[in-house]
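Read the single chain below, which is given as structure tokens and is the form predicted alone.
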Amino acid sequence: MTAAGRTLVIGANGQVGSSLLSQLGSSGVGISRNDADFSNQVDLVRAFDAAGPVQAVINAAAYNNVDRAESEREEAFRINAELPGWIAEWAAARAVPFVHYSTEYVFPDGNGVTWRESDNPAPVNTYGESKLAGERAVQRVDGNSVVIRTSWVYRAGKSNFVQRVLELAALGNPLTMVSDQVGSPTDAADLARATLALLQSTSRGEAMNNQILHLAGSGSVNRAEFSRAIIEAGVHAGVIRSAVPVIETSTSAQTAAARRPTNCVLDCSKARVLGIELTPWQEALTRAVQEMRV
């Protein structure tokens, strides 16, 4: 990165965006939907240019309502596919590195598979399709970029799966969760730290240059067991009074507008070779729950 300028974060109010800005402090500048129309390229460029000298750009903005995307396909593609391409063009024109976040939902079902960067994507829903289109839009631009695929992101103080489980458990009723969806829970603060470390690393050049990199919490767990771990951490931290049972069900038994892939585990060995690795998901969860209040 250049010596002058700040890091521009798009999606400033989201889980990852707010985590990035918290860690960047005065060296970061955020752009949210309050600052610019994310569906208008001209308005975006105006907001970006007004930010002043920039040394790096990170796109943490996303349309991530998986079920609603089935009926709002155009909006999902506008934010998840067109927006990343616009940002990539802006960053490339100014010769600054660009980081874009994608998702494990670009992959299909694959029992026992740990998805590598080189595996062929085949999304099973509109959200995954739009995110894959965003990856390709970024890679079509001749710039210094990296697409980071991640999994099951949450953050203390934000609306997410961890927060919802704690809120439901606080009511004292049993929870029903699927046991055949497996992933790697990722603390947004942990992901932000790793992203900034990558931008500052001497190995950055190996990861950038239109590359794809998998980066998620270390280890994997299914939704039901993850819910039990959340509840246990909540009781231990004093966030909820007592544990409640978690009843296991299957994805096929659930009614949802969008199909979910059952295997969301990413192989992050490429990132480890670069010296970038996230905290084991159990440790990150314990830390995050201690910061939460229902």
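Throughout, we count residues from 1 along the sequence that is shown. Model, not experiment: these values are computed from the prediction.
This protein has a second form, the form predicted in complex with a small molecule, left out of what is shown; the following refers to that one.
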* The unique member of 153, 192, 91, 146 whose heavy atoms fall within 4.5 Å of the small molecule in the model of the complex -> 153
* Asked: Are any of the heavy atoms in residue 22 no more than 4.5 Å from a heavy atom of the small molecule in the model of the complex?
  -> no
* Asked: Is there a non-hydrogen atom of residue 187 within 4.5 angstroms of a non-hydrogen atom of the small molecule in the model of the complex?
  -> no
* Would you check, heavy atoms only and a 4.5 Å threshold, whether residue 63 touches the small molecule in the model of the complex? => yes
* Within a 4.5 Å heavy atom cut-off, is residue 33 in contact with the small molecule in the model of the complex? -> yes
* Structure fact -> Note: the small molecule not shown here; in the model of the complex, the stretch from 95-103, 193-201, 116-124, 136-144 having heavy atoms within 4.5 Å of it is 95-103
